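As a starting point, one isolated chain is supplied in structure tokens, in the form predicted alone.
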């Protein structure tokens, strides 16, 4: 297993540690030292068991590693092992409430009222072979009501874009969470249960293609679910990929958007599935919009400081503050991202009363900006 991840190819050069956001904000955590311990000092179980949960899985270490060590996969395998063998699941933010609702969704008898947000602004089908995967947005907005985050708007605007492309997607009434956060806390039993139930629900409904706008959902459905489901035969499409293809066909354009913006690159979308150029291509199609890159952007961008609602602490907050300061330094008045979790974490930090509004910025999702500006030629 370690061989597959190229861990033994580690040169102990320290580039991973030198680029780790946790380390750079003062946390005593070192990917290089963790790799060293697992290779030659496995008896130091206390160190290993603690360090495995400190990683953000942002992928920066893999990006900088000259030996190609797949550190994210290593962390995933180690967490799975520790969860299965010792029941360790790391520190989970918000007392593990989000992970609890994800485990609840793994129940085969669960019934939900998850479509009450659908209104006349969007058109959806009661059946069909193309479905849209909504993810946890309906639950996020309730859970994080205190910071007034609005991730359901991303879902509505995703469907608005599909409607513009003459697609009326089917919404699964009893869709489950994709299980991303359960996977990254090593809870493979409930994660796999979610995969099987979602797959069976889509198959029973006659769905052949699933369109996704959330990077985490796309990563799970497109990469991990096929590993769980023998004979997996659903097409998983990233909404932004679909939009790019349709725009290349012609007949569509964007209205001018006279604002100075900067962009927050989501880890799952940029370092894991390499869509950095796609994101900037789409932004570049909007007339009069001026994109000003932050000091760290693209594959080298700082993450939002949290993944899987595990590491939500003072060090995560420092990462978020640093990122928002970078955004403010560009002179932009709008921060665009493409991940609901980035929006949640950045919004939480902006609303921190101790910052006295010094890092306040408007945040919107790329899908929403595109949905508001898109039009037919001559329309």
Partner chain sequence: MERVKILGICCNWSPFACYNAAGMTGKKMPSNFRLIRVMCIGRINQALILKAFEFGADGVILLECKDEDCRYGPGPEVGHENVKRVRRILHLLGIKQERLVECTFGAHDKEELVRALWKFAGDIKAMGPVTITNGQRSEGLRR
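Everything numeric in this text was worked out from a predicted model, so none of it was measured. Positions refer to the first chain, counted from 1.
Beyond what is shown, the protein has a form predicted in complex with its partner chain; the following relates to that form.
J.: Among 263-271, 103-111, 212-220, 199-207, which stretch has residues with heavy atoms no more than 4.5 Å from its partner chain in the predicted bound form?
T.: Result for this chain: 103-111.
J.: Please state whether every one of the three residues 94, 145 and 190 places a non-hydrogen atom within 4.5 angstroms of its partner chain in the predicted bound form.
T.: The answer is yes: all three residues contact the partner (heavy atom, 4.5 Å cut-off).
J.: So in the predicted bound form, is its partner chain close enough to residue 245 to count as touching (4.5 Å, heavy atoms)?
T.: Contact with its partner chain, no.
J.: Check whether residue 165 has any heavy atom within 4.5 Å of a heavy atom of its partner chain in the predicted bound form, and answer yes or no.
T.: Residue 165: no contact with its partner chain in the predicted bound form.
J.: When the contact criterion is heavy atoms within 4.5 Å, does residue 84 count as touching its partner chain in the predicted bound form?
T.: Yes, residue 84 sits close enough to its partner chain in the predicted bound form that at least one of its heavy atoms falls within 4.5 Å.
J.: Does its partner chain get within 4.5 angstroms of any non-hydrogen atom of residue 88 in the predicted bound form?
T.: Yes, contact at 4.5 Å.
J.: Can you pick the one in 232, 139, 170, 257 that has a heavy atom within 4.5 Å of its partner chain in the predicted bound form?
T.: Looking at the other structure, the residue within range turns out to be 139.
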